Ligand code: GDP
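For reference, the chain that follows is the form predicted on its own, supplied as structure tokens.
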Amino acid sequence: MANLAVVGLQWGDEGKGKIVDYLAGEFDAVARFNGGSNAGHTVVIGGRKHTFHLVPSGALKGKELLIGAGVVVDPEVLSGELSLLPDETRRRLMVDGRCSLVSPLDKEFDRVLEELRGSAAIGTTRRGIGPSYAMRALRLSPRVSDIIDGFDFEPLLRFYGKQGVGTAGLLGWAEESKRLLSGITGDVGGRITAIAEKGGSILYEASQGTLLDLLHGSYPYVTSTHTTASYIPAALGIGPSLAGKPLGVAKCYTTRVGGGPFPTEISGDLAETLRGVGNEYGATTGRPRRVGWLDLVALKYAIRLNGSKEIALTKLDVLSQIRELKVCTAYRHEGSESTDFQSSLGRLDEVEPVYESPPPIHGAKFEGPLPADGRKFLGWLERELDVKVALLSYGEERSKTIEL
């Protein structure tokens, strides 16, 4: 099995955790390469939900688990997740020594920043992810290896102005973090290379979605790092040849959490129906997600950025309960229509979506063979996107997945 990268093609929450869990059995290791504990990946087995914020979603398949240098690690969150896993699974986890840590100062600063933004608040989870990445760029952030070897917090304290967290509190946090990380720290890039040299394969897991990418997303309403498949080599410390084939994940409709433009957003009773049937509430915060119709302009852009030739499509069962479907195929602005998401980025809050009606799937049942209505919908979507739908998810349970 060749290496494979599972990446999100929308504003996150596409169902990547389920897809990673479903595929993980075919790989030797699962490696998380970006983000932090501001996102949650949910896996449902036998009606029981398992939510991971830092531990790769392959944990339930007993695979080797790798957290790469591109991830910012909150030791408190990691400790809580590991406490719920069997000893054997915990022993198969490696955290890269170059990962920056999310400190109590970062969390406090995140809260203060959002309050200072007022009505222009981005809608962060206030988990300290953005400040941790910022401190990394300023060369002030403690890394995993620094905590283990000893770290001078005075420059960081001077920068933050002590923000209610003193030296004694930070030293206590650092000692607890050292105890957690000392036995599970290593060179993730070197480990991936060693696995590959022995003929093994890696499944790469992304956090967030392409439209939240720091460079290529709907800036400034984006996350604090890179979310596309092209970031894998840099984030993990491996050569580009090991990055693997990108598999993009998309919902059959669109959701977004926090602030920012959302051209296909809907409201009212229909939005409540979609949100309720699709269980559209954040795995990390519980916040209700904003919901809207599928946006092919944005989706084609994300597919291009990741180089995806195949996608996994999730939550088709949700659309089967909606009688009349819409899909956005272009944007209209000041009398002109465009299918170029890049050129529309600066005015996403001004564009009007141009809708088409795809083949209906109302009432379709997905247990057993794919129904004819479902095949028609997928065929139409494949032609519109010029990709193959390789996996179809029609429910939260791991078993409710079809390989096409």
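These numbers come from a predicted model, not from an experiment. Just count from 1 along the sequence shown to find any residue number.
Form predicted together with ligand GDP: not shown, discussed below.
S.K.: Please tell me which of V44, L345, A364, L60 lies within 4.5 Å of ligand GDP in the predicted complex, judged by heavy atoms.
M.R.: The option sitting close enough to the partner is V44.
S.K.: Quick one: of V318, L305, V297, L78, which gets a non-hydrogen atom within 4.5 angstroms of ligand GDP in the predicted complex?
M.R.: Contact check passes for V318.
S.K.: Which one, 236 to 244, 308 to 316, 190 to 198, 78 to 86, holds residues whose non-hydrogen atoms are within 4.5 Å of ligand GDP in the predicted complex?
M.R.: Result for this chain: 308 to 316.
S.K.: Is Y394 close to ligand GDP in the predicted complex, meaning a heavy atom pair under 4.5 Å apart or at it?
M.R.: Y394: contacts ligand GDP in the predicted complex.
S.K.: Wondering, does D21 line up within 4.5 Å of ligand GDP in the predicted complex on heavy atoms?
M.R.: Taking the distances in the predicted complex, the answer for D21 is no, it never comes within 4.5 Å of ligand GDP.
S.K.: Please check if H226 has a heavy atom lying within 4.5 Å of any heavy atom of ligand GDP in the predicted complex.
M.R.: Result no; H226 lies far from ligand GDP in the predicted complex.
S.K.: Could you confirm whether G40 comes within 4.5 Å of ligand GDP in the predicted complex, counting heavy atoms only?
M.R.: Although ligand GDP is absent here, G40 would touch it in the predicted complex, with heavy atoms inside 4.5 Å.
S.K.: Determine the residues of 5 to 19 with a heavy atom within 4.5 Å of ligand GDP in the predicted complex and present them in sequence order; the list may be empty.
M.R.: Result: D13, E14, G15, K16, G17, K18.
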